Ligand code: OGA
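Listed next as structure tokens is one chain, alone, in the form predicted alone.
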Amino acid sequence: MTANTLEALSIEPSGKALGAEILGIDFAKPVSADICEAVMAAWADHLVLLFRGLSLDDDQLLETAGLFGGQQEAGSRGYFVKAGFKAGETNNVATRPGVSIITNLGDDGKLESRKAAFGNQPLKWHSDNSYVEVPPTGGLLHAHIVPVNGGGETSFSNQYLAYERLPADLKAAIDGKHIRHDDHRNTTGRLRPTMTAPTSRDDITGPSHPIVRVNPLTGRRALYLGRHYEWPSSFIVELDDDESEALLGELWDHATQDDLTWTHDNWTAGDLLLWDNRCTMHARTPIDFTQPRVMHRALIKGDPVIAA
């Protein structure tokens, strides 16, 4: 059957708390309004969608982001630009502002050491760009080169269910409260260019977002924790340091339980993942630093965070 027709479209749920594989779609070809509507509905139902066998250049990746609401420049790009990095001269600042290159290859095309490359490191559970005022709605991650049995498994956690399964006392404890999000460190926990290590909560200058947000696509409530490192890091605005750390510890333990997750553990070149950043978190296992891995990411334009 011809790709991008309703007859060819097939949805295969993961059987887990989230995730589904979508067959019959090729974003390198025109996508009609009815197909886009069907994929949007599947996205609302499953939160994370996997498409296989695609070959998208960066323009096509950004056009795909446009189908789901538009593109958004990654917040991390600004830190590298401020530090003097120039577009197109480094993987940290791709030529197209809407594209991030996530790789363990250096700017010379050679493999970086285990510790040197962001692209080799495990990534902690997080929501993308929670440290900006209007975080992206979602993300697209397209595999160009993947290692053979070399790690990089990507896990997602359903934050609708995380909120719905909270004990009543924890729901009451977070009602109306906000987290100020750490803008000093990247997803591995390393300091960003031009940033110095915070020594108190007053040094954390990211925005405050509600702990429980509403996804306008579905009207459902989700936990929104962002990311968290060793103190001082993201904190609950309305609580003192000890109370904040204690409550955040409970929330993070709850939000990343195995029965809330699904893992894409068999990456192949051409895979494309689409996730809803408003109601999921994700994490990544470390990469075999002896094998190349190249992924291109685009963020989907955000909408203001709606407090529950």
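Don't overthink the numbering: it's just position in the shown sequence, from 1. These figures come from a predicted structure and were not determined experimentally.
This next part talks about the form predicted together with the ligand, which is not shown.
Worksheet item: Could you tell me if Thr154 has a non-hydrogen atom within 4.5 Å of the ligand in the predicted bound form?
Response: Result yes; Thr154 sits at the interface with the ligand in the predicted bound form.
Practice prompt. Answer with yes or no whether Arg278 is in contact with the ligand in the predicted bound form, where contact means some heavy atom within 4.5 Å.
Written response: Outside the cut-off, so no.
Worksheet item: Wondering, does His126 line up within 4.5 Å of the ligand in the predicted bound form on heavy atoms?
Response: Contact check for His126: yes, within 4.5 Å of the ligand in the predicted bound form.
Worksheet item: With the partner left out of view, is Ala94 within 4.5 angstroms of the ligand in the predicted bound form by any non-hydrogen atom?
Response: No, Ala94 stays farther than 4.5 Å from the ligand in the predicted bound form.
Fill in: Heavy atom within 4.5 Å of the ligand in the predicted bound form - residue from Ile102, Val132, Ile174, Ala143
That would be Ile102.
Practice prompt. Sort through 118-126, 78-86, 162-170, 207-215 and report the only stretch with a non-hydrogen atom within 4.5 Å of the ligand in the predicted bound form.
Written response: Selected stretch: 118-126.
Worksheet item: Of 193-218, which residues get within 4.5 Å of the ligand in the predicted bound form if you count heavy atoms?
Response: Stretch hits: zero.
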